[in-house]
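Only one chain comes next, encoded as structure tokens, the form predicted on its own.
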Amino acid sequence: MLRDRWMSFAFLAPAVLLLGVFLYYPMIGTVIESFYSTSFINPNPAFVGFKQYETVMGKAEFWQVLANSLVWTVCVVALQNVIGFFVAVLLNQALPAQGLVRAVVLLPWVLPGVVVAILWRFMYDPQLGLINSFLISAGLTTEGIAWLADKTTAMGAVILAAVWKGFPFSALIYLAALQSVDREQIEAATIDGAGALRRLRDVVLPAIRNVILVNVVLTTILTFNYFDIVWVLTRGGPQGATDIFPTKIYELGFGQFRFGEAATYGVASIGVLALVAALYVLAQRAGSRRRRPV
């Protein structure tokens, strides 16, 4: 018994070591860095303790970054999952050239984020962009709209680009889940007179509930930490309208060499993601209690 336990530890040790080196060590280093103040003029770190957090959280830009991050994450995750689910329902049907259709749908997801951002930047161009050309030809506007330079449209523009890139990931996950649903239950519901929406609500969604929950958590974490599209499209502008935690951390750390403030933003983002993880655990426990036999 003792030998088996030591064997288990021996097999787990490399994975734990890699996690410690590449995940926990940088995370602990970030927390420690957040208690020091540095700048380009004075690179020598000076210990300031929790005063760093008071200074950062006392600025309006921190709360703007937090609000932008929440809006960005909630909108992208909601749209990506809803669109991905209905695309998966469509792909789950018997379609002509089914393999080709699935490959085309997955294309945005396999493209690098920088490439996607450059493509959408050209599409949003006020003079030559495809979107403005379509709107002008349709008579919906008389001149090109600067989508990425206007505070009222910039966030919506980057969200649309991110949803276009990300929805195939959700569609792939949901397609695999839909193919595992018991066909006999669907056929029984059909015989009982249940329509398509009723079958979806009462049979399909309960069967893939755990997959939906896991996918929502995964896409939330990925979206909250996403950097490429926002940085290439707007660099957090205009006037901070699309500044989220990853872009702000990059700007402070590598643009202004204010590593202490950048680390403080990093710790704050870890706190937000820890809250998401806690909500996931609570949802899992609540689901287990509901399924537990009395």
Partner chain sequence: MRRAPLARKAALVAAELAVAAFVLVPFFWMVSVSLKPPDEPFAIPARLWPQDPTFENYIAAFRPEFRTYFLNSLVVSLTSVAITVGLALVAAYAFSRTKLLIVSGLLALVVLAQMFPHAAIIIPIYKMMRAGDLLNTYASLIIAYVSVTLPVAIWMLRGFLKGLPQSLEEAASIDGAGPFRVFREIVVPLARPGIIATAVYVLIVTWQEFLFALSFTSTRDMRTLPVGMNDFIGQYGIRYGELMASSVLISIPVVAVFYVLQRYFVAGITAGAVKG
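Positions refer to the first chain, counted from 1. Keep in mind the model is a prediction, meaning the values are calculated, not measured.
The protein also exists as the form predicted together with its partner chain; that form is not presented, and the subsequent description refers to it.
At least one heavy atom of residue 15 is located within 4.5 Å of its partner chain in the predicted complex. Of the heavy atoms in residue 93, some are within 4.5 Å of its partner chain in the predicted complex. Among residues of the shown chain, residue 250 is one whose heavy atoms approach its partner chain to within 4.5 Å in the predicted complex. Its partner chain is not drawn, but in the predicted complex it has no heavy atom within 4.5 Å of residue 138. Though its partner chain is absent from this view, in the predicted complex it lies within 4.5 Å of a heavy atom of just one residue from 111, 189, 71, 82, which is 111. Residues of 103 to 138 that come within 4.5 Å of its partner chain in the predicted complex, judged by any heavy atom, are 103, 104, 105, 106, 107, 108, 109, 110, 111, 112, 113, 114, 115, 118, 119, 120, 121, 122, 123, 127, 128, 129, 130, 133 in sequence order.
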